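Only one chain is shown below, in structure tokens, and it's the form predicted on its own.
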Amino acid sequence: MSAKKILISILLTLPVFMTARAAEKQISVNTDDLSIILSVDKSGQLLFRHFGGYISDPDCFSGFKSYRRSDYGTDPLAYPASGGRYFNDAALSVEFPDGDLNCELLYKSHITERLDDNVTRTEIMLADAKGLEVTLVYTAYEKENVITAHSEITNTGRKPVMLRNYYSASLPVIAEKYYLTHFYGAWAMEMQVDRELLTHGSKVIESKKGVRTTHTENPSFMLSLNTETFDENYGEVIAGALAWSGNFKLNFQIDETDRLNILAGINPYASEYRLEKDRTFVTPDMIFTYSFAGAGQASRNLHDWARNYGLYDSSVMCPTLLNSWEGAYFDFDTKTITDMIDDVKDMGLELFVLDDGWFGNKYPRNNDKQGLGDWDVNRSKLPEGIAYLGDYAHEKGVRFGIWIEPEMVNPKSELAERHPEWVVKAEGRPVTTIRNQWLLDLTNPEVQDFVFGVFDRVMQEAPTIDYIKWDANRHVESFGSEYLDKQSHFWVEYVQGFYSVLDRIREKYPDVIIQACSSGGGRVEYGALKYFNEVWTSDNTEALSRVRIQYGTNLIYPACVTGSHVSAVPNHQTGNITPLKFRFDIACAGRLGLELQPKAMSAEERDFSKKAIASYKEYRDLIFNGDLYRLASPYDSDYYALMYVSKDKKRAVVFAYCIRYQGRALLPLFRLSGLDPALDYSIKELNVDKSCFWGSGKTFNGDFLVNHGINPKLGKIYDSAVFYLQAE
């Protein structure tokens, strides 16, 4: 760190207050390598000057002139409000009590405070003369080169103010070209990658589903600057992700000056919000990073930030597991489960998870048509109870987990009969079902108590539970709440109610591992990950499909949260038949689990599984805590390859897959760019009798592996390899 940066770091250990008395001032938000520079102009507007490489002296922007014509609106505002001279999409749009739709925010003061030796927070207060204050909060994570931003909107007037837009952040960007990478999908094909060159006008990425909002889109992106290509290792890339579990909207608008403005936050769709006197509305965090070394470094920045700040207790290494779902579905009894626990022990796995079907008596949960909401143990299936199963697992040295879906209810259930007023529905309209179920209204405190009570009761009934799989198998349709007076508050207050329940759960059960499952990847976002240890990446367990699902997911979210399972063939989702080794090699690139009936495996398959599970446990610390380097993209190549490297670069694991037939003449070459060229590395292919690489068992110079690479013989679809590297 330079002497200038050290001096700035020392000065920031004390709070610094500034007011609007000076004619012009500069405000900087800095990480080790990045800066955001904001300027207060002579009229009191807060202008956005810079996001990118570190700038040691923000006063260089004093007297800055953009030469923008006055009839083309204002210079880029840090948090543009609708009205005045601003005519593009606004971060904030309000209606004042007198009907005025204009809002003109002017600088009042700011404070910069060092929270610890790595984190600095800057709060900038803006105000409109009619009784509204907006505090922009920027939190800089220096080593991770990540900056988060959100807004806090306070009604200081005497009457309610109506909020129409209330985004978390506005980010103006200037470049010659903007190449956007974003995500789309559906059930069983989440986190597919789209790339496109942005043109003038607006590009919108949004969800209006309320729950399971990340199945079809994801509130995240990468933006490659001054190029029309996506590159792992070269070029400038901005990456962003919104930490919000409800409706979201990302808006990318290029104006007539070729400047791009990015708005990110809660979707204003049907969400007009009445802000009462003296109340403050706090928007969710938008997370940004900036890379000068391509998309790979942007991912590594986000992953480091997530492990250190964005996930719930990332120090916990989620165990290898067997989930009962595809192995038993609803058809099981106590012996079925204890036999599967025995198999977990025998195969070297660490956790057994009992999935759907264990509850309901008046309406037994023997299919998905009834019983959801009635969280009493099914006495016909499991007369000994859940505690017996947990104790049995623990006696075997195996952890025990269980599935719940507490936000949902079947129409055919005791809960629906007792509390029809708890169901999300629009008065006078049909209540639609998805997967034969309704959604409970988490805006209602009574429902929040019930949902918390489901979790609490299950834990009290079986204190040996170590893991909860929390599912949510439908989104919101025909929304409405019997509890709320203001129906447009529903979308926001549902999510706030969800978070309130999770806050209570985490206060009482801080050590339970909880997975966010939402028909698979419906809650893959950083708002949920503040409470959950991992996500169920997709209900699609087919290995070839998982290539693109996991590739897209790990562009933004770290592998340590990526639940990835080996399942039976023909695959239950796609019908595809893939080799067991290929299935394991895909699953081992995330948090390894199994989703099958071990009794149906051959002795040869079980032996290989034991070997693969044992080797995974030897290197999984690299999956959970290492740096990810993508070596070949499934979108640009007939191969997919990636590697995880320890922080000290002394250990690594490489995964390589052939995903399309190559013929006899074509073979891959993978440069292992994450290694240290100055070290020597031994390399060994795992879980094979005969290696596909001539160099397995040898030692190579790091510069050879980085600058030339390895050429494993992967010529046929489903050929795959896992290599372990150790510095010598």
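So that there is no doubt, residue numbering starts at 1 and follows the sequence shown. Quantities reported herein were computed from a predicted structural model and do not represent experimental measurements.
Not pictured, yet referred to below: the form predicted together with a small molecule.
Of the candidate stretches 143-151, 631-639, 355-363, 384-392, only 355-363 contains residues with a heavy atom within 4.5 Å of the small molecule in the model of the complex.
With the partner omitted from this view, the residue of 304, 471, 104, 89 that lies near the small molecule in the model of the complex is 471 [heavy atom within 4.5 Å]. Out of the listed residues 277, 396, 435, 121, 435 is the one that sits within 4.5 Å of the small molecule in the model of the complex by at least one heavy atom. Contact annotation for residue 325: at least one heavy atom lies within 4.5 Å of the small molecule in the model of the complex. Contact check for residue 542: every heavy atom lies farther than 4.5 Å from the small molecule in the model of the complex. Mapping the unseen interface onto this chain, residue 520 counts among the residues with a heavy atom inside 4.5 Å of the small molecule in the model of the complex. Though the partner is left out of this view, residue 403 does reach within 4.5 Å of the small molecule in the model of the complex, counting heavy atoms only.
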